[in-house]
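Quick heads-up: it's one chain on its own, the form predicted alone, in structure tokens.
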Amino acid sequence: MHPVLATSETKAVPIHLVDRASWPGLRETLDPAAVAFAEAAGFEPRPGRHALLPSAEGALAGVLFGVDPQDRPGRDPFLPGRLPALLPAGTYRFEGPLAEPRLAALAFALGAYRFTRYRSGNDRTEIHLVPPDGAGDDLSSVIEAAYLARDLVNTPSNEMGPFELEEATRTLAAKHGATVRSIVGDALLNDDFPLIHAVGRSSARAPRLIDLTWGDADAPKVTLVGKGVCFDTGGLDLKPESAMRLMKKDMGGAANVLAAAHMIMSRGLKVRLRVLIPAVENAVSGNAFRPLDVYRSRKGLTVEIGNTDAEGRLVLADALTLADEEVPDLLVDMGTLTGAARVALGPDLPPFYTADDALAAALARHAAAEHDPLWRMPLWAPYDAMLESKVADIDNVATGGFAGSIVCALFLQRFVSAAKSWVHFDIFAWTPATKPGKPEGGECQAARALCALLAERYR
């Protein structure tokens, strides 16, 4: 069980989630002196407002927390994620019936996350929650997965390079009896991964393709591919300082497929899981790949480098080709790929792309149920012409600069031809400002919705 969760036998302080409709009835059941204290302190049952209720002996007897009414459009089911930052250390439980017990418990647990690896002393408030009935047997593994993704993304690049990302993958594999192999450095050329090698060769930290497998070889094949660019300078098309500042998070796709893999393996889904992570650092040196260079990909397509800062799609292309060769039932890729996706949908709503309408509908349904927002964007075929090159089969960036996220998806689609279904997620993997259940920093996106869909299909 994840440390933020407590057993039901633990003595816990009750948290009452209230709105304007439920407050009058609840008020009548509480100690009048405690209610008088809360109201004297200014408590009103409005979303996000809270009050600590004292006992006659002066101890903490309970907590009031205002939430959105169930029928309010646009309500935030993660609002209880604010609680860990408001409460003193201790163990808590939700009191009374909950409309969405799983989301309330998940929000609380995710709101308790803190990245304290590099801070001296212990400034972390110990907050625990007794899971409510209906929170689900998999709650602990979902929390573990989100913490894993956040920890990986938050770790600075000097301690999260390609080697360290491989070590994190091996640590996860060891927990679940999975196997891992890696192809490192110039061996990438020998094994026909020229694009991964081209992007990563300029760094003193050797590039690699990390390959995890788990499950029955005869089960349906589900393959997850995650962009593992452990730091992105932009290459010779150097990023400005403001754009480079957060590039430790450019391996967020890898972090999130590892989070998804943890949930899949913890649930024992009946799949043959494969996770592929092209792990590189896009650095600047004398042997860095250059604008207008041309490289042959693993698929055989030649790629002209229109911009060295569009490196993520290059490393994904070789990994997707490998994944596609064994014709998986479902092929998924995740990456922190385009600023265009953030301009269109902001940091909290990742776009996804697929030609499978049934898959898209199922993902949208599970995204809503899991409060893991996603939005389908079109694989608009006419824009494919933007990738034309005068000297190669394809350019890695569009001419004109429009529709950047769509064009990136169309580029990746060129390297998938055999998989029964394919879906691409253009995630941000970062929360710029703290929100309920989402502290500022690395974020787990799309993984919960994806795993809910897989659990429905393959449990």
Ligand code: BES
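All figures in this text were calculated on a predicted structure; none of them were measured in a lab. Residue numbers here begin at 1 and follow the sequence given.
One more form of this protein exists, namely the form predicted together with the named molecule; it is left out here, but the text below deals with it.
Requested in this report: Choose one stretch from 147-155, 286-294, 247-255, 104-112: the one whose residues place a heavy atom within 4.5 angstroms of the named molecule in the predicted bound form.
Outcome: Partner-contacting stretch among the options: 247-255.
Query raised in the report: Closest heavy atom of F411 to the named molecule in the predicted bound form, within 4.5 Å or not?
Result: Contact check for F411: no, nothing within 4.5 Å of the named molecule in the predicted bound form.
Report task. Give a yes or no for D309: in the predicted bound form, does one of its heavy atoms lie within 4.5 Å of a heavy atom belonging to the named molecule? Result -> Contact with the named molecule, yes.
Query raised in the report: If you check in the predicted bound form, is R313 within 4.5 Å of the named molecule, heavy atoms only?
Result: Yes.
Report task. Answer for P240 alone: is it within 4.5 Å of the named molecule in the predicted bound form, judged on heavy atom distances? Result -> Heavy-atom contact with the named molecule at 4.5 Å: absent for P240.
Query - Contact residue in the predicted bound form, from V275, V142, L337, I196 (heavy atom within 4.5 Å of the named molecule) - result: Of the candidates V275, V142, L337, I196, L337 is the one lying within 4.5 Å of the named molecule in the predicted bound form.
Report task. Could you check which residue among V416, V397, A51, V67 gets a heavy atom within 4.5 Å of the named molecule in the predicted bound form? Result -> Of the listed residues, the single hit is V397.
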